[in-house]
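Next up is one chain by itself, shown in structure tokens, the form predicted alone.
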């Protein structure tokens, strides 16, 4: 019997939670693809640990989403039983890994923002979101330190490592702006102090990125932030392939118990 996709309510708080949970799940899955393939054992373990942190954040947020929605959906249902258009993650996190430098640049751009975002969310008027943020902020601080150190190491390394870091930044930069904008249905949550307005983090995020880029000797692209749509369920082909792998066991063996 095939597994049936769940239908989601349109509650703004639910969608706000799912957007951030989906970011963590999808990026965590991308990083898990490096297991056994990283350039050194220590980095294999480091990327796996970052992936596990992200998965933990996703689980906490999905569990809370189930409480908010009240439809009997657990974290597995949100992760494995939605169609691609019902995932609300950033386009940035679903892009294929590419080489190691591109992967590190993505973790750096994302973590530089999420470190600020989780810090702000510790003051959320929603006690559960504030509690999740209090744990996540410690994890993301490490993600940022690790990725930023690698960006400097690559950018200030050999001509090839510099070129790869610069190329990764050029490729991913157009997707980064989606982190810095809110969706219309989040306005009331922001006004109520439940949600953080990402637009207020644009300047500090850009300042952080510029500082690391300068130390690494790489240049920030001058192209505008142009790619968006993930927050509304508009994804690229890569997302379909990612979900086919992510959801395979649940779709093949519905409700399997381990």
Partner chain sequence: MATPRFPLWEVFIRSRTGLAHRHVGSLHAVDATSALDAARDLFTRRNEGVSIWVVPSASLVASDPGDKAMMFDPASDKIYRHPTFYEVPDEVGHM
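Numbering follows the first chain given and starts at 1. Keep in mind the model is a prediction, meaning the values are calculated, not measured.
As for the form predicted in complex with the partner chain, it is not shown, yet the points below apply to it.
Shown without its partner, this chain lists 46, 212, 55, 201 as candidates; in the predicted complex, only 46 has a non-hydrogen atom within 4.5 angstroms of the partner chain.
A heavy atom within 4.5 Å of the partner chain in the predicted complex is found for exactly one of 82, 102, 120, 146: 146. No residue of the trio 73, 248 and 256 has any heavy atom within 4.5 Å of the partner chain in the predicted complex. Although the partner is absent here, residue 153 sits close enough that one of its heavy atoms falls within 4.5 Å of the partner chain in the predicted complex. Between 46-54, 185-193, 229-237, 22-30, the stretch whose residues reach within 4.5 angstroms of the partner chain in the predicted complex through a non-hydrogen atom is 46-54.
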